[in-house]
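Quick setup: one chain, the form predicted on its own, written in structure tokens, and binding and motion questions come after.
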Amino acid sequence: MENLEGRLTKLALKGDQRAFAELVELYKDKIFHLGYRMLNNRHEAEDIVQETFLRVYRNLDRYDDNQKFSTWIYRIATNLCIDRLRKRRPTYSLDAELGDQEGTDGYSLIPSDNVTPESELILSETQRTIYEAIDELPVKYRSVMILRYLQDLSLQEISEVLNMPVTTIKTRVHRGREFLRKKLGPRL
């Protein structure tokens, strides 16, 4: 995979649009999943995917082929997500009733994702509970936990993506787990 990515980046640097399109194809779903898990918003995750590949395209000449391409692109996407989270306005509860419409809450304003019974069955209640708990983590722990457990990156790869020492990553993973253990203990 790394060899393929290396060849594709070199070809893309020379202006080969098909090579860049293959890089997009390799990573678009992974970047979307990362963005969706960090931001909890399908539209923002789609924006993150576009912004990530735009930055990759503009900065391909700055890519150091001594490091893994996946680490570089995850770092870009993660930083974009963190920037969005910092800029967000205060969030409002979807459970709160809307003042001007009796009996209507924020959930009624969310467009349907066309959830099928099959997809609903696949997404178990336990997964939902865990995802909700991850979403409640502070950003510095959430990004590490998502990269570690949902993106299956090693501690070293997370260290490179977030540009932090491995010891800091270990500490954040430990604290994130402790937070989840306390949060999920009564629920699971």
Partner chain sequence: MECKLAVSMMHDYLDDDLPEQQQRDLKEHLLSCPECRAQFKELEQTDMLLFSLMHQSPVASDELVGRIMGALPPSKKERRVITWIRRHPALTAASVFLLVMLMSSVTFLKQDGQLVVKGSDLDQVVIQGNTVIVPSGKRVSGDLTVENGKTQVYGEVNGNVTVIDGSLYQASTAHISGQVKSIDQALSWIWYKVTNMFSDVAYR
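Residue numbers count along the first chain shown, from 1. This is a predicted model, so every value here is computed, not measured.
The same protein has a further form, the form predicted in complex with its partner chain, not shown here; the description that follows concerns it.
A.B. asks: State yes or no: in the predicted bound form, is some non-hydrogen atom of Asp64 no more than 4.5 angstroms from a non-hydrogen atom of its partner chain?
C.D. replies: The answer is no: Asp64 has no heavy atom within 4.5 Å of its partner chain.
A.B. asks: Counting only non-hydrogen atoms and a 4.5 angstroms cut-off, does Glu46 reach its partner chain in the predicted bound form?
C.D. replies: Contact check for Glu46: yes, within 4.5 Å of its partner chain in the predicted bound form.
A.B. asks: Find out whether any non-hydrogen atom of Gln50 is located within 4.5 angstroms of its partner chain in the predicted bound form, and reply yes or no.
C.D. replies: Looking in the predicted bound form, residue contacts with its partner chain include Gln50, since a heavy atom lies within 4.5 Å.
A.B. asks: Just to confirm, Tyr36 within 4.5 Å of its partner chain in the predicted bound form by heavy atoms?
C.D. replies: Because a heavy atom of Tyr36 falls inside 4.5 Å of its partner chain in the predicted bound form, the answer is yes.
A.B. asks: For the spot marked by Phe32, Thr126 and Glu178, is every residue within 4.5 Å of its partner chain in the predicted bound form through some heavy atom?
C.D. replies: Looking in the predicted bound form, the three residues Phe32, Thr126 and Glu178 all sit within 4.5 Å of its partner chain (heavy atoms).
A.B. asks: Taking its partner chain in the predicted bound form, which residues along 130-158 bring a heavy atom to within 4.5 Å of it?
C.D. replies: Contacting residues: Ile130, Tyr131, Ile134, Met145, Arg148, Tyr149, Leu150, Gln151, Asp152, Leu155.
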